[in-house]
Every structure is written in structure tokens, then in C-alpha cells.
Ligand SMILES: Cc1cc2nc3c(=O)[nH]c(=O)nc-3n(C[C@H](O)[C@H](O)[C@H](O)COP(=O)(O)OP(=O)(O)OC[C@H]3O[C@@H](n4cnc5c(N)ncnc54)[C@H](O)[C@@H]3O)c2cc1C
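We begin with a single chain expressed as C-alpha cells, specifically the form predicted alone.
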Amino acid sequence: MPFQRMGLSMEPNFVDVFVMGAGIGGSIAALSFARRGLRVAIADKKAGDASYKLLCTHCIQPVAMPVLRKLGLEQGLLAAGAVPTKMAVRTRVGMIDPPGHAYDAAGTLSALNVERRLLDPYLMAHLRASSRVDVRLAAAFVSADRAADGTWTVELDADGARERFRCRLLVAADGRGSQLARQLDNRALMRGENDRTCSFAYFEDVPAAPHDRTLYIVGAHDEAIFYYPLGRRRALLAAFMPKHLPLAGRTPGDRARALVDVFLDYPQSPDLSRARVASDVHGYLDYPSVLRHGAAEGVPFVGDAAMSLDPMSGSGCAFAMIAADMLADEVGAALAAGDDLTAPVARYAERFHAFFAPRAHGIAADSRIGKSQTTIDAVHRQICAEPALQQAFLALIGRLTTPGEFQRAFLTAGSKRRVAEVTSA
């Protein structure tokens, strides 16, 4: 029987959707539901509109660009300072670099680099501007209780003042340490250990690479070094190092110097001769990848609450956007019609697992180091030699395809090459 919205809509603080967490996943979910004509409330413990997550590569991968375009957010982000980019990979045996500028005719490998200090306030401004979104910040989650009719009552604490919302759909977007995951017993499907540490900082007076390329340098000892252009001669430099080879330095100045020195060890690095560190050096010593169920007890999960993967993958922003858009696609029509949400939420959970699980397992596997350098070099040598494999590899690291799909392309290319060698012999 369709859910009767009419009676509930007159109650104070009744909304169709309540989103707990106003990071990227929560914000995109709230905007997506609001644009379907639904009434949304979104809450977060962060202090204000300018608050943002620090541990981030600031890359919106190619796989998420359709979501930005669907919501009409791309051009505004470009105006706010986002940098169109593509990834170029420097291996030990050659370069893997897509042809053309950041926005080519196809655009499938195009990405955006945008600092969270710009992205999060930009999304918050859109939430504030929507007449269908009610924003609550500096509001801590207290509890969520489900009634017999399937509605949820969520209680918040804003500096000692309690507030309650009643909703048809509760969305968990409350981060890696999700309280809703604990309350609803949404345990990790996967917890992948990470053998790398990370150090990163912002630098200024760094000239952009040709075509504003983002540069990924594959080191000789399982290092992974990244240069993300952020516009106006500003860049994020990040070094993902094996745990037994952490960056040296006890003072902030030492650590910044050590970060620059890592890049100087490799040819084709950006020119850092005049680079000035513009932030503290941040990072982590241990960051396992975590993947949870897409839904638990009828509550869908998005963003870091659903999965928080090795930051080296640069996938967090993109995956949060895709999951939020996926959720709105599956559940939005049923919400608008007043239908039961059990089946739509279940479909979302199935789509979530089908899309993200293979990608998450691939990212977790890559964070376990110690692979054969000879094998890695042989794989990179074949990729560098074949333009079609270069495209397939860049699609993989842009999260457009899964590891399994790339492996099939790699094996197919190898088979064709061997046939050609036999034929020409």
C-alpha cells in the first residue's frame, strides 16, 4: 500500500529524506533528492560551511564527471578554480600519457582537480540555496529510531539543544567512523591492510605540467608519488611510501624538504626549484581500506560511511558522488510516489556492491606492496608499447573500468601480439 505522506507532511521537522553527514556523498545525495522535488534535511557535526575533509587528493576522477554534469555543477566548479586534468603515469620503463588536452572530444579520461577548501563550500552554497533542503551544522548525531510504519526519527544535539526530524528515508553519510554503521551493525565486508604511509602538502610557485597533467610516478621500491596541479602555480604533492621507508624529518621544515626530495629523485618531475611549502605536511601511518554493505536495516550508506579506501587511489570524491547519484536514481521515484522503499533500497544495495566491490578489492590489493618488480616492469613495458592498452590502463586508474576488465584487455592484447609474431615469423 502506498505510504500516506499527506498526514505526516504537516508535522514539524518532517522530511522525505534525512541525510546524516554533509561531506561530498551526503551533499550530492541531498541535492539529487531535492532536485526530484523531495524535502530533504542534512546535518553534520562540522562547525560551519567552510569546514572540509583534510585527507584528500582533491581529484574528481573521470568516472564521476557525468554526475557533476547531470547536476549542473561542472561549470560552477571550473569558475571556482577547479583544474581540468588527465592523469599521466611515469613508470620505470616509459610514460603512459593520454593524447590531447584535458577536455578532448571524447572527454572520457578527463578529470577535475579541486581543493576541498573550494569544493565543500561550493556544495554547501548549493544546499543553502535550495528551498527544499534544510541544513543543520554543528549538530551531533544522537540516535535513530524506526517506527512500525517504517519512518525514522533522528535526534540531534546542537550544543546541548536537542532537535528531532522524522523522515521516510534515512541516509548514512557520516564518515569512516560512522555511528550509524555501529548502531545498525553494518560491519565491514572488507578490511584491506595498507602497506604504505602517506605524506602530503600544498606548494606554491610550482609551474603546471603540459596540458595541466596530473602526474603519477611509479617508484622503484613500491613508492607512489603524485603531483596534482591546483591552478595558479599551486599544487598538492603526495608521497605514498612503504612503511619501512617513511619520509625522514622531525620538524615541519624537514618533512617538507623530504617530500620535495622524493620528487627530485625522479626525472620528468615538476620543476620544484622555486617551490614554497604552503601548508603543514599531513598524512597517515596506517589507513586500511574498508568496504561496508550498501544498506543495513533499510538505511542506505554513501561516501566514507559506505567505503573508505586507500587514499592513494584518489577515488574517494568520485565514489561518494556516484553512490549518492545511484541512490537517488533507485529510490527517488518511490519516495515521490509514496511507495514502500524496501525494494528500491535493496536494489541500490545490489547496484552498490556490483559496481564498487570489484574496484574496492582491486584498490585494497594494490595497497599490499612487495610485488615482483620484474613482473611490474614487464606489464608496464607492454602497456607503454600499445596505445590501446594505455587507454585501458588509464581507464582503470580513472575508475571507469574494473581490474578484471583491464586484465582481460591485457591478456587479449598479449594473445594478439603472439599471433602476429607467429604469423610474421
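Since the model is a prediction, treat every value here as computed from it, not as a measurement. Residue numbers here begin at 1 and follow the sequence given.
The form predicted together with the named molecule is left out here; the points below concern that form.
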Task: 4.5 angstroms heavy atom contact with the named molecule in the model of the complex for residue 328 - done: no
Open item on the list: Against the named molecule in the model of the complex, would residue 140 count as a contact residue? Criterion: heavy atoms within 4.5 Å.
Closed with: yes
Open item on the list: Test of understanding: in the model of the complex, would residue 175 fall inside 4.5 Å of the named molecule by heavy atoms?
Closed with: yes
Task: Partner proximity in the model of the complex: residue 294 to the named molecule, non-hydrogen atom cutoff 4.5 Å - done: no
Open item on the list: Give me the residue from 352, 203, 165, 200 that has a heavy atom within 4.5 Å of the named molecule in the model of the complex.
Closed with: 200
- [ ] State the residue from 179, 91, 153, 108 whose non-hydrogen atoms include one within 4.5 Å of the named molecule in the model of the complex.
- [x] 179
TODO: From the candidate stretches 389-397, 50-58, 65-73, 365-373, select the single one in contact with the named molecule in the model of the complex, where contact means a heavy atom within 4.5 Å.
DONE: 50-58
- [ ] Would you confirm whether the three residues 98, 216 and 408 all fall within 4.5 Å of the named molecule in the model of the complex, going by non-hydrogen atoms?
- [x] no
TODO: Just give me the residues of 18-32, first to last, that have a heavy atom within 4.5 Å of the named molecule in the model of the complex.
DONE: 20, 21, 22, 23, 24, 25, 26
